[in-house]
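In structure tokens, one chain follows: the form predicted on its own.
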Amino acid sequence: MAAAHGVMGDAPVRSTRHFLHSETLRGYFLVSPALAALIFTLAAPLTLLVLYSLWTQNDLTLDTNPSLAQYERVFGTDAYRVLFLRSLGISSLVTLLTVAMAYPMAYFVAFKVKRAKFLWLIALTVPFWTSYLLRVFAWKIILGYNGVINSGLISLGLISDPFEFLLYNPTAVVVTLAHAFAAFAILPIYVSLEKIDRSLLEAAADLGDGPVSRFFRITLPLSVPGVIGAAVLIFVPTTGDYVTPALVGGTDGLMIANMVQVQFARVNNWPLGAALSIASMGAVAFVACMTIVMARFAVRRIR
């Protein structure tokens, strides 16, 4: 009887394991199309890019013998190092400025707006209703020699000659990118702020914390995931952007993506362009990881 009871007792366990196993298989089956698409659209091109970076372009001939010659050229050339540092510097500045401007807006919508939050969120996405290229051209018109800013200042009598430093420099690139990616920063921060339990703020107020203390002890630490998400969403694409630097950056505002575009589209040196791309992705990944680590360390210090 005991043996029979043991066998009967093990049956539900085996059926449960079989059910879980089947549920796991069903889960994998559901995500398999998306996973296959990711592998095809991301992993395969990235693999080809790595292979190309290990080859060498000699005039019109392509040497497919693996070597690190392209990476030695990338890290051994002063011009490429300057472009890398400039790209990381511009992207970091754009990220800081955009997050700093987006946080108050997201805080206002999350905590101060009581009605029609949906309309506010729709309004935040209005810039996406127009083409990114059109927005860049709009800033080119605003910052131009005879643009809106110079014409307005001349009409007000504040200046006699138009400013020449507003366009075709790194500052114009920073301003244009910060405006173009503002919504990418506002929405993730808003989601983090909206999820904060308001009872925590009420408890802190009952214990004597003021608004500033509540913000730094509760609101800011709990919103760090949104801030990190916003920073990554801005830093990664702006580092690889080449449209904005090409249109409003001028010679001093060009970034590493512009050199990659030149190698692939004009010079037809795909191995060097691939090596520049891989090195750029590595630099972006390193900076992003360091940012996450420092943000977590800062949150622990705040708490």
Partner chain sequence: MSDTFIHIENVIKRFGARAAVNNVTLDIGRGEFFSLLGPSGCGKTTLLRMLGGFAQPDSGRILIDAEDVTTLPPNRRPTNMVFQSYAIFPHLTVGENIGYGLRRQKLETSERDRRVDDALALIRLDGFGARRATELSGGERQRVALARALVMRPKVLLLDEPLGALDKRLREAMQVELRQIQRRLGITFVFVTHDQEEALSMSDRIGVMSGGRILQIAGPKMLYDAPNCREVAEFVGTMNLLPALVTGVSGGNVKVQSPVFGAFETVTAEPERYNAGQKILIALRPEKFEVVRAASSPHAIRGTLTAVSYLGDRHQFQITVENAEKPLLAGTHFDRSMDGAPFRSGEEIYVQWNPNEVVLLPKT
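Residue numbers count along the first chain shown, from 1. If you're wondering where the values come from, they're calculated on a predicted model, not measured in any experiment.
Just so you know, the form predicted together with its partner chain exists too; it's not on screen, but the next bit is about it.
Although the partner is absent here, R86 is not a contact residue: none of its heavy atoms lies within 4.5 angstroms of its partner chain in the predicted complex.
In the predicted complex, at least one heavy atom of D206 sits within 4.5 Å of a heavy atom of its partner chain.
Mapping the unseen interface onto this chain, P127 falls outside it, with no heavy atom inside 4.5 Å of its partner chain in the predicted complex. Its partner chain in the predicted complex comes within 4.5 Å of a heavy atom belonging to L200.
Proximity to its partner chain in the predicted complex, taken as a non-hydrogen atom within 4.5 angstroms, holds for one residue of S131, T77, S213, N146, which is S213. Screening I218, I228, I154, L96 for any heavy atom within 4.5 Å of its partner chain in the predicted complex leaves a single hit, I218. Considering its partner chain in the predicted complex, the lone stretch of 68-76, 219-227, 184-192, 100-108 in range is 219-227 [heavy atom distance within 4.5 Å].
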